[in-house]
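Given as structure tokens, the chain that follows is alone and in the form predicted alone.
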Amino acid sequence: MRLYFSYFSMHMKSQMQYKGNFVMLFVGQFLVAFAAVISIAFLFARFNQVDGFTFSEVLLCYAVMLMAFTLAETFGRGFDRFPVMIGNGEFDRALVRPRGLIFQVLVSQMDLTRLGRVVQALLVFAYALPTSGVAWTPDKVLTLALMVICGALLFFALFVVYAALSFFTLEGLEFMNILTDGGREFGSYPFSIYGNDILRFLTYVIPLALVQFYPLLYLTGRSTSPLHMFTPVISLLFLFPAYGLWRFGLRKYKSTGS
């Protein structure tokens, strides 16, 4: 952990060398994401509910997914830019260093300006938490925390999958953005609104619904099942195939010669 925080401090000092640029990018990240909030507000100006969910309940979905994705993207940025590491030979250098490869890729890049979106998510939470009608008992607070933490780990696993596929293609596969950026955008609303087929896919294949839809049912009192409270933890099983794909790709890796 000490080494990780040393890298974190290094990235922070590097990005703060140009404080004006950092602040503008931070504010830009904060403002750009508000387009989604505005679109949700416009929708509910016309309709009172979406699939039975109120405006504040949908904002809970939005804030959870935005915060989870942003934390994964900020601190797992190295996996998002992994094709660049392969292309310029940086990964070849990582192979001969006496540290774990996942750790080296993880700390190779941190984009702290993206935390501007976390500030926005906190503001949305500040509005949605007291107006959602949820009785915030300790179990509901724990459920919300699990949604954010496990959601961040799940998005991180998707970035690992994206990086692992780059072992075979040497370039990033844009379709993965459907699951990462797309997962954040689609997750602005309860996944049930997209139909049963999509909900099943996001439950059993890419388990984003386990960190959003099912625990939301528990939060809002639509379900009293403790299983729905702990579905975010179940979603972490996705980490194992993601890691397995990374290991498989690593065994098949051949240097680009850069």
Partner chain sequence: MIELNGICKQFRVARRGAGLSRAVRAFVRRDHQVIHALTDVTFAIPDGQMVGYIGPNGAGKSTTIKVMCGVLTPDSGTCVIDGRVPWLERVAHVQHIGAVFGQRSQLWWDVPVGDSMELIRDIYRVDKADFRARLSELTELLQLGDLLATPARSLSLGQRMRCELAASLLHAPRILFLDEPTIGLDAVSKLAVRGFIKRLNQERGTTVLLTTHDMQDIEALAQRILLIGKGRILLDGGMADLKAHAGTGKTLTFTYAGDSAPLPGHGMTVREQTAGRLTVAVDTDTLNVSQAITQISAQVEVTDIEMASVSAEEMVASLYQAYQI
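Given the structure is predicted, the values throughout are model-derived calculations rather than measurements. Positions refer to the first chain, counted from 1. For the two forms, the rigid core is made up of the largest set of C-alpha atoms that agree within 1.5 Å on superposition.
Although not depicted, the form predicted in complex with the partner chain is the subject of the following passage.
Only one segment in the set 117-125, 95-103, 133-141, 73-81 has residues whose heavy atoms sit within 4.5 Å of the partner chain in the predicted complex; it is 95-103. Using a 4.5 angstroms heavy atom cutoff to the partner chain in the predicted complex, none of R46, T54 and G182 count as contacting. Remark: K19 does not count among the residues lining the partner chain in the predicted complex, judged by a heavy atom distance of 4.5 Å or less. By the criterion of a heavy atom within 4.5 Å, N88 is counted among the residues contacting the partner chain in the predicted complex.
Of the heavy atoms in M10, some are within 4.5 Å of the partner chain in the predicted complex.
Heavy atoms closer than or equal to 4.5 Å to the partner chain in the predicted complex belong, across 120-153, to no residue whatsoever. Core-aligned CA deviation for Y18 between the shown form and the other one: 2 Å or greater.
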